[in-house]
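Only one chain is shown below, in structure tokens, and it's the form predicted alone.
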Amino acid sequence: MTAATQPQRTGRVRRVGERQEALAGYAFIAVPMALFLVLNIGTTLYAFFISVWDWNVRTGPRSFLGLGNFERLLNDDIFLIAVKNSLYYTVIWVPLTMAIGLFLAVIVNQKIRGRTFFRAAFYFPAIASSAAITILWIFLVQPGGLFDEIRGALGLNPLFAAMGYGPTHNWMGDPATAMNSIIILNAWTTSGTFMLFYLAALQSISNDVYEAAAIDGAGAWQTFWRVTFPLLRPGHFFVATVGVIGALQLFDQVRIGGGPNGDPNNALMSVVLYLYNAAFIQVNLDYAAAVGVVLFLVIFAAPLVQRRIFGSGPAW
């Protein structure tokens, strides 16, 4: 009888211990989960609520507007320009930065001398102050700045002149080149982060795959294009998703480079900068909330579309 009850007591003690461990784990995550629910989910739902009202900062809702703010958005030329600029930035910047990041990852993944230094050097711009780098970039590309001096010293001015750019072109002050300047800047600063993502994906590929490719007589390019690149599909999906979400939230560089109006001539006006102006300059919170809701829906839908692109179908 004693021998029979001993396993029961042992099992009961084990279940109690597991329950206490689970409760302790839930207690540890309770505070961050509560903050997440309040600061992320709660604020998103609150923005939905505000967007359908004529909202006053002091008194709260004054009158129900329904979809009035959203109709106003669709008829606002500046908002449409902001959407166009953000989409253009996303379409150009994300593939460009992914390509640079993958190129750097392949380099630092090789057994070369000083690869730890190069990994740190390539990643360093990503941890530097975005505001400081943007201000430095403005000085570099200003008329007669370092960039103009270098292209002049290399004899590239005739080539730039053929494209319509003089020897002292104002790269940030010309509507035709302002956003492209921001794209180049952010491709440089963010490619190090993408490099780390791709590097982790590259190191997860088994060496047996490369040995089999070498036995089959595949060269370096064939191995990369037919073996490495297809096996990086999960990495492509992750990097593209992070890149698109970040691109759609473009703000600090265009705010510093073009001011609150996205100068020159709204060429640097992004959706987030437009939202910032509506909320903090015009103090029109219900309208700003409507902008935020539209941006949230686009960012929410973008990974779903990318999942369809990267997560199904044949390999590359």
Partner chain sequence: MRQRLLILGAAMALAFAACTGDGGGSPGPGETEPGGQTTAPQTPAGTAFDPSAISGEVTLGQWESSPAERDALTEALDAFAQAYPNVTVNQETIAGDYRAQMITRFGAQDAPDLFYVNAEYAPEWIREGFLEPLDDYIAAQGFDTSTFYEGYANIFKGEDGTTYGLPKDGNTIAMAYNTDLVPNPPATLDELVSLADSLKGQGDLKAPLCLSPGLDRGLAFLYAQGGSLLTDDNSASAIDSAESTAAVQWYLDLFKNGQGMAPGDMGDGWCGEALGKGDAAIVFEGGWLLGYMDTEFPDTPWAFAEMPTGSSGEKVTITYTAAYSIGVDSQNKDAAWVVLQYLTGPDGMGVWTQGGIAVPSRSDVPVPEGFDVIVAGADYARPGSGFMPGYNDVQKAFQDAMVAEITGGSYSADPVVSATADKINEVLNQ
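Everything quoted here is computed from the prediction, not taken from an experiment. Residue numbers count along the first chain shown, from 1.
The protein also exists as the form predicted together with its partner chain; that form is not presented, and the subsequent description refers to it.
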Item to check | Within 4.5 Å of its partner chain in the model of the complex, all of P61, Q142 and P264 (non-hydrogen atom) | outcome: yes
Checklist entry - Is the gap between K84 and its partner chain in the model of the complex 4.5 Å or less for some heavy atom pair? => result no
Checklist entry - Does at least one non-hydrogen atom of F28 fall within 4.5 angstroms of its partner chain in the model of the complex? => result no
Item to check | Contact flag, Y276 vs its partner chain in the model of the complex, heavy atom cut 4.5 Å | outcome: yes
Checklist entry - Does I78 reach its partner chain in the model of the complex, with heavy atoms at most 4.5 Å apart? => result yes
Next on the checklist: So if I measure heavy atom distances to its partner chain in the model of the complex, which of the stretches 142-150, 234-242, 101-109, 213-221 falls within 4.5 Å?
Outcome noted: 142-150
Checklist entry - Which residue, N157, N180, T189, N170, has a heavy atom that falls within 4.5 Å of its partner chain in the model of the complex? => result N170
